[in-house]
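Taking the form predicted alone, here's one chain by itself in structure tokens.
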Amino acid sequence: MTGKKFIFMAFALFIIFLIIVIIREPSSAQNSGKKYKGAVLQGRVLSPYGPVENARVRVAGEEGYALTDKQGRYVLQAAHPPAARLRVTAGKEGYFNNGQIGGRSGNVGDISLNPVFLNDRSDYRFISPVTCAQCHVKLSQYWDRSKMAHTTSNPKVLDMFYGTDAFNRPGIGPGYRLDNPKSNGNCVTCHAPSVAASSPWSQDLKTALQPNRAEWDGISCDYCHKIRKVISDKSKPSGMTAVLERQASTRGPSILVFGPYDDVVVPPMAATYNPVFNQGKFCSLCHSHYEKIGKSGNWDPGQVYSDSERKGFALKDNTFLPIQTTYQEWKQWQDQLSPDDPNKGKKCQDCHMSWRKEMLPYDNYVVEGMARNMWASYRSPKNIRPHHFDGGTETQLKTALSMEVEGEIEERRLKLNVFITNTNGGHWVPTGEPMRSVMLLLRVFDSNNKPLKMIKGSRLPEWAGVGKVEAGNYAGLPGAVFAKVLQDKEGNLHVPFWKATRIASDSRIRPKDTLTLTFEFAMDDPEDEPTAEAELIYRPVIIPWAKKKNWPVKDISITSSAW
């Protein structure tokens, strides 16, 4: 009996021990439950000069972060459960990111941040995007398919610069070099920014593409990620300039990069957190263009724009024309929003560097291959910016504008009200180059499919195209056009920016604004049942220019509505 009792007691103690272990060690269900808060980590962030205040500390890849106090201390509530190895990172503008491994105890060793010493090297050669693509495969693929990657070699840009057509035949205007044969202008500032940054002299676009001088076609990875900050500079076409920090590693293959992540701590990247990458101001470097009127000319912006719009453009004086104002349009809209407006804080990057359904499955990493296995952090897709830079495309346009049509018949008249709203555009639509336009086209027929005669309302102008309707020529048809129109001193409309002396009109649709257009049509039979269809069409280049340059006119149907 004694032996049996001993065995029984030993077995009972073993069962009790297992229960204690199970209770003390959270199960996988407990780890994923809503009540579980995760690890609590604490430590300090220091620099060679002492504690670092307001550094952002997080477990790499997690969304939540903590800010350090004046003593550089932090307490971080992590989403992960206590584990033997949690990579805790810290970053602050002006410092290289760094990190430490935290353990179960919650105490993390001091994280040391080294300052980025300001020593921009103008003789630096920008790194090829091919190098970046070795790790950032998917991001590089998105970028390479974007217009951003080929701004220097864009055929339309070259035709406008040299005065050639689609068949490369010379002497076909408009052309900057046709009108200014001794000038290269400042096109490279935005169309070849790495070349402009590396060369102290102005260059034409073909020279910028030559192997012995070119940094790379378009706006490349290394150029953007060498931008330390964006400041005002009235000498630049946009009124803004990038302050670069170009440095080559003195030891090893490390690459200095600025970026939006404060938790990138990997050997190939000497990464430094910079909030400007998540600000609309970053895009102002090129998505803004002012031009001084030649020979001391001036114009009256009050004839076209409201007081608030003029103030938002921040024109130096009336001798400057706002050619492109995409950034200013967005900033005006944001400045006018109340703090509780759901659109407050919406940035360019939120629309033009966002995931879309056709890009499924959304990615959780910014690197691939061995780089992912060695260093990657699992991230939420909302913290990853795919570099497709989608602009005037069908995908973007179909969500930008909305339209409704109301109609009523009074005696022998059909009255139509067309309501057009800039629903999702954070800037005026269309924006960018003045050669772009959006057209409203109305088609109204009686029950026998005979067009009704318009007796009240606007018609599409001659520059909407004269000729067969089937070929996209809509001049004279019922409708309206929304565009910025440049004019020269002789009164010619739709001139290139280097000839413009004033803005003749600007009917583009402002953010969240709704335009109401009224049309009336005569009816032969008051008992008839007519039909009406309204269509919004985006045209990237006006037909007169397209015909001269032999460019194909690729209209995009934004939306349509029937009554």
Partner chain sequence: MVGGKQLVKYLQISLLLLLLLLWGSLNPAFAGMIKGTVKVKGLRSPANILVYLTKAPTFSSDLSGAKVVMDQNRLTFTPHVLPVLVGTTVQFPNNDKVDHNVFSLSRTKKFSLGSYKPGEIKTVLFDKPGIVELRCDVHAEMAAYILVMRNPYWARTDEKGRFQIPNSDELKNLGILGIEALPPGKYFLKTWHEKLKSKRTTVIVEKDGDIDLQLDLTRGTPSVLYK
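Numbering follows the first chain given and starts at 1. Computed from a predicted structure; not experimentally measured.
FYI, the form predicted together with the partner chain isn't displayed, but the following is about it.
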Taking a heavy atom within 4.5 Å as contact, would all three of K357, T395 and E533 count as contacting the partner chain in the predicted complex? yes
Pick from 199-207, 339-347, 321-329, 477-485: which stretch has a heavy atom within 4.5 Å of the partner chain in the predicted complex? 339-347
If you check in the predicted complex, is D120 within 4.5 Å of the partner chain, heavy atoms only? no
Even though the partner isn't displayed, in the predicted complex is E406 close enough to the partner chain, meaning a heavy atom within 4.5 Å? yes
Using heavy atoms and a 4.5 Å limit, would one call Y362 a contact residue for the partner chain in the predicted complex? yes
I'd like to check something about F419: if you look in the predicted complex, is any of its heavy atoms closer than or equal to 4.5 Å to a heavy atom of the partner chain? yes
Could you check which residue among K292, R85, K382, K468 gets a heavy atom within 4.5 Å of the partner chain in the predicted complex? K382
Exactly one of S153, S112, T399, S128 comes within 4.5 Å of the partner chain in the predicted complex through a heavy atom, and that residue is T399
Neighbours of the partner chain in the predicted complex among 254-275 [non-hydrogen atom within 4.5 angstroms]: none
